[in-house]
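Starting off, we have a lone chain in the form predicted alone, written out as structure tokens.
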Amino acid sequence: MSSNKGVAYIKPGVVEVQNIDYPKLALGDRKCNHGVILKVVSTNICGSDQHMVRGRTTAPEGLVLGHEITGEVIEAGRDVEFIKVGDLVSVPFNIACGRCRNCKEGKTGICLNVNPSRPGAAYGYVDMGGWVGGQAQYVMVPYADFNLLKFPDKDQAMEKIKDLTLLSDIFPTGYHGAVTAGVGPGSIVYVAGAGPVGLASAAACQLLGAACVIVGDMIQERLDQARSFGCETVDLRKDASLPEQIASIVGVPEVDAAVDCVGFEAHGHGHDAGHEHPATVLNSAMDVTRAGGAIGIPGLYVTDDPGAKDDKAKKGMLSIRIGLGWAKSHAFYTGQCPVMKYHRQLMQAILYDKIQIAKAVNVQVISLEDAPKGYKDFDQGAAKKFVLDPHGMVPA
């Protein structure tokens, strides 16, 4: 039996690299003839993982983490027709059957057949079906023909693997936030949060033709990273309000579209900085988005938050100023990004040098063994996207 190692959640603030089971082509006691086993080439640490590691979800001890996976096929089930051993593939973080009503409508983030608890599933994530995560050396992927995106030229893909590894989640997720906010040529956009998803969304806004992308955060290193590829920035630690800071950039205190890339662990602005206010980004977005505009919400909001400061927030009940959004006729778009809706087009944008997404989010490649340190650095606000290299395959 081959060996395998993976990054496991132990308790709040603690992850460990452990020996884990080598994957099988099986779903419990049932043979998974439609699946493949991947040798993981790259797998990324995501802000969503950090929510679990901080103890802000009901994640169980021992959960193998990781839903951003790129790998080489080393074994394929007998029913896999179009994906072959040796193929280099991107794995959407959404697990989708391809057969249910939602999958057939392109809503692969809420597949009805892959999670007995609720629609939608993901690798290595709490309440998302119990699937083993991909921050490991090897992982099993079901419904391979439907889910996997094969890179057309393996050598070319390895040369751009630092960019292509972002196709499993954050690049499509950031792009989805921009698209659902209605970003297009000439748009003025506010992106809340300069973590990896926020930076990816800002780059996606530029790809979509935005005239001005304004990124807000409270960590100077992340604001500097946003400015490095042409974004304007607002420092949310300042006493000046968000509308005032936006007006100082574009002349008016509003934008055409806003993207919430923060989610439920948001903190207050200005004099209230440092105090957690889970609805503050949503309320701020409504405040600055013009009447008739839209707000994309790829930032994560949860149904259970044991670390919340009040009882309502523990159940995902937030103090959202919905009356303001209603009065301004705002459109809101929430939920997981359906990665398959975008990943092929975004792959082509990478391969044809239309975007340098790894540079925008500041990819840093580390070993699987260094994952615990990567989690700690990321939790402290490092302006980096940590990519794990379990087999030493990522070119320097």
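Numbering starts at 1 and runs along the sequence shown. Nothing here was measured: the structure is a model prediction, and the numbers come from that model.
What follows is about the form predicted together with a small molecule, which we do not show.
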Problem - the small molecule in the predicted bound form reached by all of Gly186, Met340 and His343, non-hydrogen atom within 4.5 Å - result: no
Practice task
Examine Leu38 and determine whether its closest non-hydrogen atom to the small molecule in the predicted bound form is within 4.5 angstroms.
Solution key: no
Handout entry: in the predicted bound form, Gly124 touching the small molecule (heavy atom, 4.5 Å)
Key = no
Exercise for the section: Indicate whether the small molecule has at least one heavy atom within 4.5 Å of a heavy atom of Phe378 in the predicted bound form. Expected result: yes
Problem - Contact label in the predicted bound form: Thr233 to the small molecule, heavy atom within 4.5 Å - result: no
Fill in the blank from the handout: The stretch from 278-286, 148-156, 202-210, 311-319 that lies within 4.5 Å of the small molecule in the predicted bound form, judged by heavy atoms, is 278-286
Exercise for the section: Name the residue from Thr173, Gln225, Thr165, Thr108 that puts a heavy atom within 4.5 Å of the small molecule in the predicted bound form. Expected result: Thr173
Problem - Listed residue (Pro196, Pro92, Gly71, Gly296) with a non-hydrogen atom within 4.5 angstroms of the small molecule in the predicted bound form - result: Pro196
